[in-house]
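Quick heads-up: it's one chain on its own, the form predicted alone, in structure tokens.
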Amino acid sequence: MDGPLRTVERTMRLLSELGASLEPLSLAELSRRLGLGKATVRRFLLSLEELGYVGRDARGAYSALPALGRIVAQPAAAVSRQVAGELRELAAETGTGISLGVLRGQEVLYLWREPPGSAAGVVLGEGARLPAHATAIGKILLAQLAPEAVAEIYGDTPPRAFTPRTIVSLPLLLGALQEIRRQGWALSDGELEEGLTAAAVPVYDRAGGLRWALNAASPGHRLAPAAFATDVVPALMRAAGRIGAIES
């Protein structure tokens, strides 16, 4: 019979698998990864689903929900009411989904999203994660690093393809980041999901240190990439200056 510590250990392993996966995982796959019977894994999943930490898609596969990220997020990552107000105004001004995030290895950790939305099957919001190389917000964050640091992040693991437009070569990614570094903003046009266009800019604090990345996204080609460059990016840059000046 499992004791309390054994139960906690298995629950944490289950949450780790769900949190690290970019795609929903089936019961069978989770059972295989954890080395546990399906009935045992199902019992844990039902409890976590009831608590709002795990959700199921139409196929019955499981994924971590933003509520899970909220209970492990660092206090320093919290978005103040003043910053949230600026982000809501930016969403209304641009007519796009606005996100704020930070880099965590090969992924972007989302800290805020307005209005609610999703990408590549991931519900965006506090605690959500997406691949950095396939997103505008991730590429602008990677562009803040030296090429050697980016190469170390990916190591022997090539960037994964999500659409035919995804950059899957490290040399090509480094070349793209060099151009992003030069122009000061990043664009993603169907690289994570077909029809999804996004632009992102860095947010620096008053001392010039990187604080966050600010992202605007529009699904279904509602805004052409050219419109992002001429209309959305300037609004992002203005907002980034205001947000960066707000005391944390």
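Remember, it's a predicted structure, so these values are computed and weren't measured experimentally. Basically, rigid core = biggest C-alpha set you can superpose within 1.5 Å across the two forms. From 1 onward, residues are counted along the sequence shown.
Unshown form predicted together with the DNA; subsequent notes refer to it.
Look at 175-183, 24-32, 210-218, 188-196: in the predicted bound form, residues with non-hydrogen atoms within 4.5 angstroms of the DNA sit in 24-32. Taking non-hydrogen atoms only, F44 approaches the DNA to within 4.5 angstroms in the predicted bound form.
The DNA in the predicted bound form is not approached by L51, whose heavy atoms all lie more than 4.5 angstroms from it. For the chain shown alone, A245 is not a contact residue for the DNA in the predicted bound form, no non-hydrogen atom being within 4.5 angstroms. Residue contact check for R13: none of its heavy atoms lie within 4.5 Å of the DNA in the predicted bound form.
In this stretch, 82-108, not one residue has a heavy atom within 4.5 Å of the DNA in the predicted bound form; the partner itself is omitted from this view. After superposing the rigid core, the C-alpha of L14 moves by 2 Å or more between this form and the one not shown.
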